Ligand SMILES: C[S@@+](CC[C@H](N)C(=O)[O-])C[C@H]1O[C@@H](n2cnc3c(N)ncnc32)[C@H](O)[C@@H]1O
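Below, in structure tokens: the form predicted on its own, a single chain.
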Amino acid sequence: MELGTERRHAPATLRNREPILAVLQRVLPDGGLLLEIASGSGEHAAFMTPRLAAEIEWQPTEASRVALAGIDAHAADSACPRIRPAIVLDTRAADWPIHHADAVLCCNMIHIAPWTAAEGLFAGAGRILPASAPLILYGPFRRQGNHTAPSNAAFDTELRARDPSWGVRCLDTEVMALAEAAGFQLVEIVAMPANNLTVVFRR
């Protein structure tokens, strides 16, 4: 099999996809383009798009081209024509390949990437989203500088051992500073399984 064509499976998607979908169904606009940053295996797009409003298109992306074929394979399995072919998007780029979206979703990226990727995420979303459009993040976060569970603290230690530029970010200080600099306001924080959060910002 050609490298990158196999369908990857992320076990956590089975646990978190329905809670994330419930938030999306409440906060997304009735139609338009949802840009997913760091689509990973592509399973979120394949599961959620058929369950969202019929006027919503989903654009999966990944920073590495090698992941695209696997994402597209999951999309093909879903038989949903509203999932666009996956494209390369590195949040740190000054010019994204998508110049307008009606919502941005980013799951499990900012803790498994250098901080410059989070900076690029907010800056880029600020460039392409219109007023009142949502930017939705999912993953583990610290609150007021503290981990929300011992398991998150252990995960943070593991991440930083793998790469010192990685780590669970503080929502109230680090992430909020980026959001405010890019013109976003915090709208909602939703508790998720396994001590994760879904965080909704709007322009």
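Each residue number is its position in the shown sequence, starting from 1. This one's a predicted model, so the numbers in the text were calculated from it and none came from an experiment.
Same protein, other form: the form predicted in complex with this ligand, not shown, and the subject of what follows.
By the criterion of a heavy atom within 4.5 Å, residue 135 is excluded from the residues contacting this ligand in the model of the complex. At a distance threshold of 4.5 angstroms between non-hydrogen atoms, residue 83 is out of contact with this ligand in the model of the complex. A residue is said to contact a partner when one of its heavy atoms sits within 4.5 Å of a partner heavy atom; residue 64 meets this definition for this ligand in the model of the complex.
When contacts are judged by a 4.5 Å heavy atom cut-off, residue 29 does not count as touching this ligand in the model of the complex. Of the candidates 192, 182, 10, 21, 10 is the one whose heavy atoms come within 4.5 Å of this ligand in the model of the complex; the others do not.
With the partner left out here, this ligand still marks one of 170-178, 52-60, 38-46, 144-152 in the model of the complex; by a 4.5 Å heavy atom cut-off that stretch is 38-46.
For the stretch 62-98, the set of residues having any non-hydrogen atom within 4.5 angstroms of this ligand in the model of the complex comprises 62, 63, 64, 89, 90, 91, 92, in sequence order.
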